[in-house]
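Let's start with one chain on its own, the form predicted alone, as structure tokens.
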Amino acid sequence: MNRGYMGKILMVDLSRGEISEEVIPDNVYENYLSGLGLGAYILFNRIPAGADPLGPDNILGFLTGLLTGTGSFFSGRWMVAGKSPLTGCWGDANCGGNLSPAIKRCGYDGIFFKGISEKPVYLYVDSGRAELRDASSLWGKDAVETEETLLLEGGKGARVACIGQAGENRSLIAGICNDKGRLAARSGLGAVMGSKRLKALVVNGKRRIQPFNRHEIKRLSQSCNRWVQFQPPLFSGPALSRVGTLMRLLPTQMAQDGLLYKFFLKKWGTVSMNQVSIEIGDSPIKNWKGTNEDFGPGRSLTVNPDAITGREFVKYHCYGCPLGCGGKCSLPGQKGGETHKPEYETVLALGGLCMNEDADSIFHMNEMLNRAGMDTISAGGTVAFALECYEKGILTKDDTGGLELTWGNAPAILALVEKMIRREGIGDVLADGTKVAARRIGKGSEAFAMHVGGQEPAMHDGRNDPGFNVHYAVEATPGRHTIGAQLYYEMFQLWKEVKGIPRAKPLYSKDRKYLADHEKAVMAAACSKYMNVANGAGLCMFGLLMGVTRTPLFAWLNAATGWRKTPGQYLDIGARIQTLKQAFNIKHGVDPRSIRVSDRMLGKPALPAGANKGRTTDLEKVRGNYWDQFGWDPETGVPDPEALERLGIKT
């Protein structure tokens, strides 16, 4: 029967050069969906306890969503999963682009790699064949060069995921690239690919993807699209800083409707929030010790939304997306040069976090890091760490190879990023992120390393929205910003379809955000469960932020599979996936209590000025209550045997 999924995976043993197909039983999909849920099921059962993330026993999975190719909108995300070398925990990352449907049209819901090849290789897969090919001539090429070469070899319709120099050099902040420089950036999984000497995956399938009820999916997608295409006229980009200032000054806060954010995304993309986030205290400044007053509208004007999109010469859509927030921009100072439009996270990590107001340098670093396949969030966070070490005298010019690492020194920041990509001098010290760099540098530098479990957090400050700090700490992938927050809960509007969870108050005092009450834990757990369902389906978070009734994830899943599950039953699946990922970490010796958010990020001590003045978040109480929502020990975060048995998880 047509269920939307393909029912098979491909397993590649790089040590033996063996490739085999495996049939996945239907009950696995009913319990874990596809995407990261299927990935969790495979990796939990097959990666031995204590496996070296860069060793042969680690397994790297490329996964496609259950809804991908069914006609459901926003369903083009491809995902990678494995044991993270950056955190030692469950690791995953995802990306838009064009890879996901191509994997599925080869007849697979996932392609998994284990072992280590003797020489550089890439895997070529089409609808009836899979083979490992020599990639020695590609080793050393950047991600864009590699993809262009393989697209010619792969033929019409081929799609490519590959690593650049960062992955080859096993940088722990390396990602995996697709669509000429777009990254599945987080968790350091590019280093896993490099350690296996796997340069690329090339897929070129033609199989038809068969949902249960295509007509119903089309009806649901048309309804969703009406919301996407509704677009009123908006004010200018620079005016958004004043919107942010007003939001900061008001003593109360309105529950956010994600349809408003959709308006911004459709016009500008994620950079729409550059100045708003600085003004309201969402974006960290100066390695998390500064405030909006240090990087005010006069300084951030260079990265206002109109300034970024003023360089955009074409917009683009990911596969299956009616919104189209991506774009290609001209590269300053290079005739004919181009780069993907920098994302919000990139602009602020390489901008305000480093006190850098030089937009040209941000565009160039964006292109350099994309080609190298290095995570721009982690790179920016690590540069900011180095700048503070230099300020404190922990690093000197002798250490930096002559670079004067002062705040906002754009030429020096750009040169430092080049060194990190090449692992040259101080760049080699920094190329594995802040946690490892602080261990190498010593001299008390640990106090300035902003990370959660080894992962640099994104440009969302938990002193503004404490929900970010909760998810940085409780997710199986530490430091993750794309799962939950109080803001996301308001935008998801899950209470409209799921019984028993709290409705967001339309207007409330800002002080209420900082109450570490039981309700916050319920909201956070709901976000985690929902995003596990979304990542099993392959949906983009930006679509989900329009709200569950406008982006009908549950109804799409029922139409694609023929199941008749309720929204509550889907959240139960999300809870099962979350518990399996937590059990993965326990299996590999991770104590959930050891995943800490730095005191500075928690507001300890509180900032003396700015948007987050005096704000401190109480993480411990909410974290225990969150664990309890899943049937895990509220003191240790370890899933109880009863919870595992109820969910059908065998450890």
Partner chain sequence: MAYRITTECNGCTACVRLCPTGAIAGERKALHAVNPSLCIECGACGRVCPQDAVQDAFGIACRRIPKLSLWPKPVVDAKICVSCRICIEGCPASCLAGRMDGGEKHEIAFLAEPKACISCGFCEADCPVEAIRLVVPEQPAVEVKQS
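Numbering follows the first chain given and starts at 1. Note that the structure is predicted; figures quoted are calculated from it, not measured.
Just so you know, the form predicted in complex with its partner chain exists too; it's not on screen, but the next bit is about it.
Partner contact region in the predicted bound form: 320-328, out of 374-382, 575-583, 284-292, 320-328, criterion any non-hydrogen atom within 4.5 Å of its partner chain. Residues Phe73, Arg105 and Ser127 are all found to lie within 4.5 Å of its partner chain in the predicted bound form, as judged by heavy atom distances.
In terms of contact with its partner chain in the predicted bound form, the residue from Arg439, Lys496, Lys510, Lys315 that brings a heavy atom within 4.5 Å is Lys315. Contact with its partner chain in the predicted bound form, judged by any heavy atom within 4.5 Å, is made by just one of Ser221, Asn409, Thr400, Thr270: Ser221. Remark: His460 does not count among the residues lining its partner chain in the predicted bound form, judged by a heavy atom distance of 4.5 Å or less. Among heavy atoms of Thr149, none comes within 4.5 Å of its partner chain in the predicted bound form.
In the predicted bound form, none of the heavy atoms of Thr302 sits within 4.5 Å of a heavy atom of its partner chain. Taking non-hydrogen atoms only, His451 never approaches its partner chain to within 4.5 angstroms in the predicted bound form. Although its partner chain is not shown here, in the predicted bound form the stretch 87-115 places heavy atoms of Asn98, Pro101, Arg105 within 4.5 Å of it, in sequence order.
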